[in-house]
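The same protein chain appears twice below, in two forms, each given on its own as structure tokens and labelled structure 1 and structure 2.
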Structure 1
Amino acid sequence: MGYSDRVMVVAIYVLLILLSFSALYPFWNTIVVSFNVGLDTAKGGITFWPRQFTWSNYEVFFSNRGILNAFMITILRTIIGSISAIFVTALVAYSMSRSQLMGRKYYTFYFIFTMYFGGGLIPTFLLINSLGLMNNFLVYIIPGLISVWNMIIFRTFFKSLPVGIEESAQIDGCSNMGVFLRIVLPLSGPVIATLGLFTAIAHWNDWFAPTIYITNEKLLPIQTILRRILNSNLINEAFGSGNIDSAMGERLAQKSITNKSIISAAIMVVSLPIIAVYPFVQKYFVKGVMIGSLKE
């Protein structure tokens, strides 16, 4: 290795470390602020370590009934939404992967067309409205049941499965549905994990759809609530006037909670599930990007 090569390698290492630092620091700083007494944070100077440690930001956050309800909504829609979407998408993809499917060419065009053209925000909004899905939990589930992109990835994967197994199952009297349920799905672990993961994260992170489709407080997911806390300057306003009573208001003052400290706790709680599963599933999503990038 020549001199210039060594300089380049050192520069690359330094840059990569700086980049990683910039990726991690915002999370770390948020953790620190979430464990520091709110009024103390407001004095400034909190960067790498808490100055006055406290749990109260989390206590107050979790003592709010609206928050716990919003968590339940998020968890429910993530579980129901991803399982149903993966099942339906895989089912359609399986059928599309069979060469004997009549009209396959037309179906393919019909699906792919929607990847390039769409109605847009407002026609979709008006449709959801006229379907009676406004203020309905099902608005989280039904429109997402099929994703053309995921369907194509599934189809590509199913096509790569050895045909022999399916044929022998069919000779033994297995119907197409039986082949799908008993043979194809069990063989598709990695691709189900990958696409399921992406679908679940999309459900977990969705904050925008509820802001336009849901006005009922009880159906709002946690991300939308967090956005609202972020938008307002007063904690009382953020938690919704119905959710906060005078006792709680006193407690907030007593524990010197500020808007910033409560938001930091909220960020940590909302992102923790993703951070926690993330290292274990990383290999799946890298694989997923690879499958997705394989063009037809």
Structure 2
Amino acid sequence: MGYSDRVMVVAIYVLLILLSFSALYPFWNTIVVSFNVGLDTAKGGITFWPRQFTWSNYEVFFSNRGILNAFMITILRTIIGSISAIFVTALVAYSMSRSQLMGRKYYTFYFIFTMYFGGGLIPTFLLINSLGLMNNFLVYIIPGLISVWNMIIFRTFFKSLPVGIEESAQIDGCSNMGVFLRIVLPLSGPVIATLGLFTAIAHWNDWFAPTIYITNEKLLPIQTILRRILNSNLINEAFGSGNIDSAMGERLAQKSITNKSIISAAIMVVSLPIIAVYPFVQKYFVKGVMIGSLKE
């Protein structure tokens, strides 16, 4: 390696380190602020470590009686919504991948058409209302059962599976549903893991749908409550005195907790669960998407 090559390698490493630092520092600073006393944070100068360590921001956040219920709603919609969406989408994709399916070209056109042309917010709202899904937990599940994009990836992946395996199963008396459940799905681990993670993230991060279709406070997910906190100028608006105990109310009254500190704690609480899932499915990312995106 010549001198110019070594200089280029060093420059690339320096650039990558700077880019990594610029991406990670805001997240780390948010963690630090969440563990620092709010009034001390307001003075400025909090960078890499808490100056006055405290758990108060998290105590106040979890003292809100609606937080735990909102967490349960988010976890339930993420688990149920992801599993049902992946299963239904994969089932549709498997049928679309079979050449003997009658009218397959028309079904394909119908699905593709909906990718480019949607009904819009008002028609969708009227449809949801007519189906009785307003203020209903199923509004988190049913509208997202089929993703056309994921269906295309699934279909392409299923086409790449050896036909002989399915034919052997059918000769042994396995039905089409049996082939799908016992042969196809077990062979689709990478693409299921990848698309399952994408679907779970979409469910976990969704705050828009509840603001349109849900008015019952007991059905709101944690993301919608977080958005309220982010848009609130006063903590008491989101953590009203009637929603927290007297000790926490006293701390708020003493202003040891500020908007910025409670918002940082809320961001950490909402972000960490889904971030913790990444390491377990990271190895499937490239493999799953690339397998499903290639067409022979």
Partner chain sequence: MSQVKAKENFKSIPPKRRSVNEKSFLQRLWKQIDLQLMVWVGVLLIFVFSYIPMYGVITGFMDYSIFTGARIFENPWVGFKHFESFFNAPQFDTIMRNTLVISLLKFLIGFPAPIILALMLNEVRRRFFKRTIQTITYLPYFMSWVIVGSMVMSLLSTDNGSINIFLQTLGIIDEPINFLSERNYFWGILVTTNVWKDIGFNSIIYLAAIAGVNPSLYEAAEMDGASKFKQMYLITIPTIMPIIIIFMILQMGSLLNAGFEDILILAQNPSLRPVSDVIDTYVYRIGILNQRYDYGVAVGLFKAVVSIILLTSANYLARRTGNSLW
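So that the term is clear: the rigid core is the largest set of C-alpha atoms that superpose within 1.5 Å between two forms. Fair warning: this is a prediction, and the values are worked out from it, not measured in the lab. Residues are numbered by position in structure 1's sequence, first residue being 1.
- It is structure 2 that shows the chain in the form predicted alone.
- Superposition on the rigid core between structure 1 and structure 2 places the CA atom of Leu272 less than 2 Å from its counterpart.
- In the core-superposed comparison between structure 1 and structure 2, the C-alpha atom of Ala23 has shifted by less than 2 angstroms.
- In the core-aligned comparison between structure 1 and structure 2, the Cα atom of Ala11 sits 4.0 Å away from its counterpart.
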